[in-house]
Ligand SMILES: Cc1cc2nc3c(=O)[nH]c(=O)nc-3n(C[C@H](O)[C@H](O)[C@H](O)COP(=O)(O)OP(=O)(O)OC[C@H]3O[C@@H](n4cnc5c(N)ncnc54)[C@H](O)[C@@H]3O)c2cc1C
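One chain follows as structure tokens, the form predicted on its own.
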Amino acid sequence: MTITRRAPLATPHLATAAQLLEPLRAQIAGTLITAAHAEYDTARKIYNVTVDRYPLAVVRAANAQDVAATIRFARDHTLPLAVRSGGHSVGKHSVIDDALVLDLSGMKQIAIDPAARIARVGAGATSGDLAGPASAHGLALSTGDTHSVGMGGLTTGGGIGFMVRKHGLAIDNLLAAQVVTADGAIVVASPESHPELFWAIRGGGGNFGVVTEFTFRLAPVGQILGGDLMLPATREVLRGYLDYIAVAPDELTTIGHLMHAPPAPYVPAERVGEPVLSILVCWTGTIEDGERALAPLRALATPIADAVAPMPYPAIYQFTAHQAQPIGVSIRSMFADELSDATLDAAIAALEHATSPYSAIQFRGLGGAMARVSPDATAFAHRDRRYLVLLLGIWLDAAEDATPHEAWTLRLWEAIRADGAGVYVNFLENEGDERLRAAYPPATLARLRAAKRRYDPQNRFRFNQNILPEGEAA
């Protein structure tokens, strides 16, 4: 597929947007960016380079009152409304043609109470924004594996992160949230206040309101044992890795990538480009225990590179810093309990015939603390899954034809999808109603639809993995 750029067209036309939106400008403390604004082209960009959309305007909200005013204005003028936090939406929902885009990226406020181990975090803050200030107090929250991912989308989808086996999902540490609902009301959702809304935003995505602030419980985390352990990409190594991470101590969370060895400083020059299993390690116990826990992985084969060392928790993001750069990506993903030899062989063969040197197949071990939460406690219900598998067809040039990379992803997906058991909503493209149902078991989806009818009966928050209100036909 070749990306076709279009001239700005809109209803109402972008050229008249400034006049239409002038009353909103007077109601907000933040910035209203229309097509005539010098920052318009920057404001409409997201991390996926294939997205070249022209919103009616972008509202860079400064606070919850700005969010409420924008929601009411969109409602009163029947304008489509899109919401973005970090701009990493896999479904490309962060910016929509001819919509009013509510941009939360400026709402980065972070307040930490080290004695109570609590953090109040703005929805526009990123994983990296929180990690540093929390670490200064010997604390951390298990969040996304890329420093630039916004807390808004990450958390409302569930929040599988670097310490998921020890400290659970981000939502498992959520105490309360400030939410602006479809009618522009600012409410607090918690176990005591709007409990059904609190349940729904923990895994149901942005369907029920715009979260403007999260209150998290932090965990005591000092130094971790972290970094990249790079092994040969063989079926035996991959099988040994998968078998071990399913039974490893909870303190060990890993993200394994079948990939081509990058030109990282710790990779021998003669091994760059070689197919490898890159295991990103995060151990949150004592360093001595961590070394013992890693021994079975190091014993799988002679490492190509071993960059695992004691470090402060925020330093783990240096190993995924490249993931923050704009890319084109074709994604398919699934949870799984068992992965057959045929699936492992298909993954290794696909890597050998990848259409891009940047493409990868990711294998994460789950379980631990995540699995000890009841599946009906939150809208994220896939608590007992053992693995998360992610297929990533990646390219860097916006002008490049995406077709070969998309075809690579889909071929591998068709070869392995029979091993799947559900999908993580945050890693879901626009894949149709069947795949959305795979993100939520029937009872969970029914409860979410009831919450949607209560909090957003007109489906104003629809640019997401959309859950229809109860009683509304697809």
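Quick note: we count residues from 1 along the sequence shown, nothing fancier. Because the structure is a prediction, the values reported are computed rather than measured.
Another form, the form predicted together with this ligand, is not on view; read the next lines as being about it.
A.B. asks: Determine which one of 265-273, 301-309, 210-218, 240-248 lies within 4.5 Å of this ligand in the model of the complex, judging by heavy atom distances; exactly one does.
C.D. replies: Going through the listed ranges, the match is 210-218.
A.B. asks: Non-hydrogen atoms within 4.5 angstroms of this ligand in the model of the complex: do 88, 146 and 463 all have one?
C.D. replies: Yes, because 88, 146 and 463 each have a heavy atom that approaches this ligand to within 4.5 Å in the model of the complex.
A.B. asks: Exactly one residue in 93, 260, 257, 166 has a non-hydrogen atom within 4.5 Å of this ligand in the model of the complex; which is it?
C.D. replies: Flagged contact: 93.
A.B. asks: Find the only residue in 364, 382, 202, 194 having a heavy atom within 4.5 Å of this ligand in the model of the complex.
C.D. replies: Looking at the other structure, the residue within range turns out to be 364.
A.B. asks: Hey, in the model of the complex, does residue 323 get a heavy atom within 4.5 angstroms of this ligand?
C.D. replies: Contact check for residue 323: yes, within 4.5 Å of this ligand in the model of the complex.
A.B. asks: Spell out, yes or no, whether the shortest heavy atom distance between residue 84 and this ligand in the model of the complex is within 4.5 Å.
C.D. replies: Close contact exists here: in the model of the complex, residue 84 approaches this ligand to within 4.5 Å, heavy atoms only.
A.B. asks: Given that the partner is absent here, does residue 408 sit within 4.5 Å of this ligand in the model of the complex, heavy atoms only?
C.D. replies: Contact check for residue 408: no, nothing within 4.5 Å of this ligand in the model of the complex.
A.B. asks: Is there any non-hydrogen atom of residue 427 lying within 4.5 Å of this ligand in the model of the complex?
C.D. replies: Result yes; residue 427 sits at the interface with this ligand in the model of the complex.
A.B. asks: Enumerate the residues of 150-185 that have a non-hydrogen atom within 4.5 Å of this ligand in the model of the complex, in sequence order, or give none.
C.D. replies: Contacts from 150-185: 150, 152, 153, 154, 156, 159, 160.
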